[in-house]
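Below you will find one chain, with nothing else, as structure tokens; this is the form predicted alone, and questions on how it binds or moves follow later.
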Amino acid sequence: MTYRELYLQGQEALKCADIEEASLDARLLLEYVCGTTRNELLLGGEREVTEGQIAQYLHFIGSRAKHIPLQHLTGTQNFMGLDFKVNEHVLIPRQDTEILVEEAMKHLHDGMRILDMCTGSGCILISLLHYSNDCTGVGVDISAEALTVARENADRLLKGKAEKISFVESDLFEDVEGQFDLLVSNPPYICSKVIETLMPEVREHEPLSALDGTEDGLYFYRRIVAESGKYLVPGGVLIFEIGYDQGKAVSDLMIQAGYREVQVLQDYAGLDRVVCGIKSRK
């Protein structure tokens, strides 16, 4: 069987399973199995593949057809130009979250301390430390399994900087110590009743504890905003990722708590995605 024929077989199987991006996923899985690039399909599609590659590819296609996320099959997701390990214990990093990282980088200066609340895979904190100088950070999560993934990502991606990061298993601020210049968070923010309507890749394969923001989706924002003042230095910055319809609610929470220069930022689709504010110096 040729490379192109195998790809077409995988693509058809995913289309029949109603996979939204069947063509893309079929190609990415083939590249993953064969160790190739997109050019191979365009320029070398007539080359023969091995029986082992065929078997492995069709196994992955079968799993993807069951709506197991592509990233759980390959074990990685690119975020901010870095390849993060992911599994069923952490949210798969999304491109939208890069908006939070890009905004945080505007406030970063050498030597700052960063607190990442609900760190998950560690993608936000690790990216900030990777692209900054002499900053240190603490990643917090209630899930020990998520923190195992985050530590593995830090060890692999922060070579030479691994001592700059630490992780704390904690229910939000319960076991956090010290003060920080920057607090970033992508907390659970989906309303409980909405979760059952999500794609099966998300609903059935990503951790519920990282999705469910309780009845109105604002539970964790309320808790973090209420307690954040004790952990931010005067003039410190609080940055949240939010759901597309939560900009006003979260910004109001921050304004009521005394944060100034609160602003709502949009993602690449023009939807509200990040809220940022500065702790008063008084």
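In this text, all values refer to a predicted model and were calculated from it rather than measured experimentally. Residues carry their position along the shown sequence, with the first being 1.
One more form of this protein, predicted in complex with glutamine (GLN), exists but is not displayed; see below.
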*in the model of the complex, do 137, 178 and 232 all reach within 4.5 Å of glutamine (GLN) through at least one heavy atom apiece?*
no
_in the model of the complex, does residue 150 come within 4.5 Å of glutamine (GLN), counting heavy atoms only?_
no
_4.5 angstroms heavy atom contact with glutamine (GLN) in the model of the complex for residue 186_ = yes
*Does glutamine (GLN) get within 4.5 angstroms of any non-hydrogen atom of residue 123 in the model of the complex?*
yes
_Test of understanding: in the model of the complex, would residue 118 fall inside 4.5 Å of glutamine (GLN) by heavy atoms?_
yes
*glutamine (GLN) isn't shown here, but in the model of the complex, which of 192-200, 106-114, 163-171, 123-131 has heavy atoms within 4.5 Å of it?*
123-131
*Between 135-158 and glutamine (GLN) in the model of the complex, list the residues on our side with a heavy atom within 4.5 Å.*
none
